[in-house]
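What follows is one chain in structure tokens, specifically the form predicted on its own.
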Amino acid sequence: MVGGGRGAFIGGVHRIAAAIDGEIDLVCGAFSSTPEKSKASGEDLMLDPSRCYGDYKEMIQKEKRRKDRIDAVSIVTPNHMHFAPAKMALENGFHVICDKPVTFSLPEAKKLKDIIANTGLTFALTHNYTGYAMVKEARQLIKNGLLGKIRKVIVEYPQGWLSFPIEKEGAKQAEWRTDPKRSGIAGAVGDIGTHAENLAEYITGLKITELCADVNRVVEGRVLDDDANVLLHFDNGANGILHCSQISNGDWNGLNIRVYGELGTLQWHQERPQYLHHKTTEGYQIYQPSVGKLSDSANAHTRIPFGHPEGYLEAFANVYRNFARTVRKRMNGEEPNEFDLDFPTIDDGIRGMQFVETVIASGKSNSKWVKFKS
């Protein structure tokens, strides 16, 4: 693991997710940009002190020479520290799983895609919300034609944790997310808007072709956006609305999506992830994990009987498990199946960076619509 040391939030989530299915062991890490903190963090995790490294370069160089070397590297650093360790890990023969957004900028993401192609190694991106069983059920139902032609998509991700300038009060998670030197050109758009974009394209199977964005900095003195409202056009002619906000006081992690087709509607809410709602003018049905006949895709990503709710960590774990199974099969000369390969890749990462750049450009432009370049 690169990053995720003392005081970090997402590193602990990655470690739990990786461990849930018993298919991945954490054996070493460079957990902080401060060598002393990195080694102390590794000791907290009861790792071999000789494999708690001062930085990611030392880790990759020394692990490469070990007979019991690691198989993969998990990168859980702020955005500006994704590309360099991913590049070095891949070029030294290690598979990579990386937190999102994939890189600091779109040019970095495109360079990373070339490196992945040249090495032939496996790369996964933790757009974890696509790991929910009912998200996969929604995707399959739409693919099977349940809704007919998709007409409209509304996807929202409201949060309220940045309603006040807590980055000026020493809140570590707020500090780097509102700092353009570490976060990139976007704040809320890059942090959670990319999750909304990825969820909309994953569930519907459609691609955004152009957009019109209203990008805002609501909290006084904040450099990066903390709120955005985006009109969307999709490649089948459907239109949509994407709203992401970190100043929606009272909301926590309200990611939700409504997909309207000519034959009905599907609705899913991340804070109530066990339930997928199907509505038409004639009736109403709720899909639930382990209840009734579901798709193979949904069943493959459900671990326990209904009544024992699975949530955020299990969805995250599905990305790690599928990544692990793909890597293991490829190492053994086997072909991964469709469920093994069901995790976000560099292409999803590039789409996310294109979304960020297009939204920010649209927010600054006087033009109504800005083309979404692919």
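A residue's number is simply how far along the shown sequence it sits, counting from 1. Note that the coordinates shown come from a computational prediction; the quantities given were computed from them, not determined experimentally.
Same protein, other form: the form predicted in complex with a further copy of the same chain, not shown, and the subject of what follows.
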From the candidate stretches 68-76, 262-270, 135-143, 115-123, select the single one in contact with a further copy of the same chain in the predicted bound form, where contact means a heavy atom within 4.5 Å. 262-270
Can you work out which of 288, 105, 209, 297 has a heavy atom no more than 4.5 Å from a further copy of the same chain in the predicted bound form? 288
Note which of 243, 110, 87, 182 lies within 4.5 Å of a further copy of the same chain in the predicted bound form, where distance is taken over heavy atoms; exactly one does. 243
Using a 4.5 Å heavy atom cut-off, are 154, 239 and 275 all in contact with a further copy of the same chain in the predicted bound form? yes
Can you work out whether residue 312 and a further copy of the same chain are in contact in the predicted bound form, taking contact to mean some heavy atom pair no more than 4.5 Å apart? yes
In the predicted bound form, residue 248 touching a further copy of the same chain (heavy atom, 4.5 Å): yes
Against a further copy of the same chain in the predicted bound form, would residue 305 count as a contact residue? Criterion: heavy atoms within 4.5 Å. yes
With heavy atoms only and a cut-off of 4.5 Å, decide whether residue 39 touches a further copy of the same chain in the predicted bound form. no
Applying a 4.5 angstroms cut-off on non-hydrogen atoms, the residues of 275-291 near a further copy of the same chain in the predicted bound form are 275, 279, 280, 281, 282, 283, 284, 285, 286, 288, 291
